[in-house]
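Single chain ahead, by itself, as C-alpha cells, in the form predicted on its own.
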C-alpha cells in the first residue's frame, strides 16, 4: 500500500527538492503545488518506510514532511471547516488510548483561520472517538495543510512528522539578490499602461522590499516612500530621494502626505491586497493613479483578477489589466482614483 505526503522546500528550490526525493525514493512521484516551496509526493512504499528513508538521508533542500490521507476540495467560506472535519472524521485512525493534536497551516485567503480548523476538528474528534486532545506530547497528530482551494489532511503517529534541516535557503547571499526582474516588472507596467512619471512626482511603493520597484521609480520621481517592515537593499536605502518606512501598509503615519502614484507588489492574496489599496486611495491626489500586481494563489487566474477588481471598484476606476512578460504567476492592474 502506497503513501502520500506534503513536502516543504525553500522557495525557488522546488525542482531541486523534487530531484532529491526521486533520487532517494525512485518509486515516487513529486509535483509542485501552486504555492512556492511546497511539493505533493506520492510513493509506492508504506508511510513508515518512506519517512524512515527520508529521515536517514543527508538532504539539502527538504524541510518538513507531512503524511497525507485525503485531499479535500474547499472554498474560502467558513463552511469549508465542516467539510474538512467530515473528511478527517472519516479517516478513522483515532481510538481509545490515543492522544492527539490538530495542526493546521493555511495558505491563501479564507473566511476562517487555522485556529478555527484546529478547534472544530479537535472538538469533533473528541466527541466521536475515545481519543483525547493533548497539545504537548500527543501520540498522534491530525495534519491539515490548506492551499487556497484544496486541503490535504492526514492522521499519523506524531513520530512520523519529519522535520529536516534545509541547508540552502537562497540562491543569492543576503543583500545580493539582483533587482533586474523586479525593475523590469515596474518599467514594463509603466510603459504598457502609458503612465507618465515626472520628476515632480511623489510615489508610494508598498511591499517594497528588497527595493527593485523603489529603485526604478526613484530614477523617475522626485520622492519615493518605500513601505515594508523588511530591509531594502543597501544601494536603495542610500538613494537620496528614497524614504523607507519600516511598517505595514496598514500602519502608515497620519502625516505621510499625498501622492501622485501608488504602486503595490505585495505578496499577499488578491482580495487582501485590493482592500489595502482601497484604504490607501485617500492618499492619492485628484486624478492620481495606482499600479498593483494581482498574485495568483490558485490557477484560476481570471477569478482572482475579477475578485480583486470587484473590490477595487469601490475606490478606483479606468481599469486596465495586462499580463506582462515578467509576470508569470501574477497580472498587473492599472487604475485611477475615483473623483
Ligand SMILES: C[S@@+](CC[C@H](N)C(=O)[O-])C[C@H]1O[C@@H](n2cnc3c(N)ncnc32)[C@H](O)[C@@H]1O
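Since the structure is predicted, the reported quantities are computational estimates derived from the model, not experimental observations. Positions refer to the first chain, counted from 1.
This next part talks about the form predicted together with the named molecule, which is not shown.
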Answer key: of 250, 128, 238, 111, within 4.5 Å of the named molecule in the model of the complex (heavy atoms) is 250
197, 266, 161, 132: which sits within 4.5 Å of the named molecule in the model of the complex by any heavy atom?
266
Since the chain is shown here on its own, which stretch among 37-45, 266-274, 299-307, 283-291 would lie within 4.5 Å of the named molecule in the model of the complex, judged by heavy atoms?
266-274
Does any part of residue 151 reach within 4.5 Å of the named molecule in the model of the complex? Heavy atoms only, please.
no
Contact with the named molecule in the model of the complex for residue 92, defined as at least one heavy atom pair within 4.5 Å: yes or no?
no
Would residue 142 count as touching the named molecule in the model of the complex under a 4.5 Å heavy atom rule?
no
Quick check on residue 182: any heavy atom within 4.5 Å of the named molecule in the model of the complex?
yes
Within 4.5 Å of the named molecule in the model of the complex: residues from 202-231 (heavy atom criterion)
207, 208, 209, 210, 211, 212, 213, 227, 228, 229, 230
